[in-house]
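Below you'll find only one chain, the form predicted alone, shown as structure tokens.
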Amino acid sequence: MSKLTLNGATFTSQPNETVLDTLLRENIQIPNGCRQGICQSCLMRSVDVPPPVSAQVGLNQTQQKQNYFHACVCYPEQDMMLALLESEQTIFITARVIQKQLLTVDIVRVVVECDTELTFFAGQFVNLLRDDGLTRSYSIANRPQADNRLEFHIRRLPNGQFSNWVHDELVVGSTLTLSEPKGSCHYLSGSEAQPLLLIGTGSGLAPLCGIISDALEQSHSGDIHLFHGSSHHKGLYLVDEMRELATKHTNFYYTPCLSGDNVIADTVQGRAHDVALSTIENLKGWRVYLCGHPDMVNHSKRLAYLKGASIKDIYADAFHVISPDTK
């Protein structure tokens, strides 16, 4: 018998009883559906120990790595501290702005230094809070390092309360409040030979930068293809940095794409996802990361799947689907 702790209360599981069975027996109402580990209605997270492997069947690698599991098929093998996905307590920390740099006419790089150590995966996102409580989510553009710094690429959006404040009023030395990092769209170690396809538009490049940096730092040997798109050449950024990275790493390929009429040298005409998915004919065995406009992400998901990519290998966090009226 194992002890299960949820929201400060501890329950004892009986032999041959799943986590869901134990909680329901104790009148703890947990969402559930199929009872076969398929519908994910009862998905939970183990806070302290890895859950049984059998309870993670069907989850993608990032969910498995973060100890998500199906409560309905989880027979606990040891004591577990549990968290419901919709009620996990959010931890907030304070950070100070140490750099602010304009990358394009409407995208600014903001680098902050956190007061305390922060654990995250490259490509995740955090919620940024202004003093008055206004909150927006932004992707982390760098890989984890010892200096507790986080980098964000924040695009100014029409009527965007937070983004306009960042561009016009936030200064070096200002403080921000950050939530703990979230999201499953990040680099995974253990499959170093797997080819990677990354497609981003606008500031959707931010999480892809972190993922690429993390992959190369961990000696990823498979090919890494980045396609970054904009309608105008002034919307492309970090072009020189990406090209320099490609010269240093023979397995990294960078393709800047312009969908408008004003195409300049060393860029490819066309929308980034169209160029990418016409360049790479077969995506069987590939891992795909998509960050940008909702239409691009949804369309690319479907095409990547039709070209052979497994659904579990296509990553596009809900946050990374950038909507023009959310920031």
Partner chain sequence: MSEVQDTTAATSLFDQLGGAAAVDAAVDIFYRKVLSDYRINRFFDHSDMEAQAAKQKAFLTMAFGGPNNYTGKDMRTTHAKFVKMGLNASHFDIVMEHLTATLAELSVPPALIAQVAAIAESTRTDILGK
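Residue numbers count along the first chain shown, from 1. In this text, the rigid core denotes the largest set of C-alpha atoms whose superposition between the two forms falls within 1.5 Å. As the structure is a prediction and not an experimental result, all values here were calculated from the model.
There is also a form predicted in complex with the partner chain; it is not shown, and the following applies to it.
Since the chain is shown here on its own, which stretch among 256 to 264, 22 to 30, 270 to 278, 50 to 58 would lie within 4.5 Å of the partner chain in the model of the complex, judged by heavy atoms?
Flagged stretch: 50 to 58.
Could you check which residue among 65, 301, 45, 35 gets a heavy atom within 4.5 Å of the partner chain in the model of the complex?
Selected residue: 301.
If you check in the model of the complex, is residue 311 within 4.5 Å of the partner chain, heavy atoms only?
Close contact exists here: in the model of the complex, residue 311 approaches the partner chain to within 4.5 Å, heavy atoms only.
Given that the partner chain is not shown alongside this chain, does residue 305 nevertheless sit within 4.5 Å of it in the model of the complex, heavy atom to heavy atom?
Close contact exists here: in the model of the complex, residue 305 approaches the partner chain to within 4.5 Å, heavy atoms only.
Determine whether the C-alpha of residue 54 shifts by 2 Å or more between this form and the one not shown once the rigid core is superposed.
Comparing forms between this form and the one not shown, the residue 54 CA shifts at least 2 Å.
Once the two forms are fit on the core, has residue 64 moved its CA by at least 2 Å between this form and the one not shown?
Residue 64: C-alpha displaced by 2 Å or more between this form and the one not shown.
Considering a change of 3 Å or more, are the Cα atoms of residue 183 and residue 58 closer or farther in the model of the complex than here?
Relative to this form, closer in the model of the complex.
Knowing the shift is 3 Å or more, I'd like to know if the C-alpha atoms of residue 79 and residue 117 are closer or farther apart in the model of the complex than in the shown chain.
Farther, not closer.
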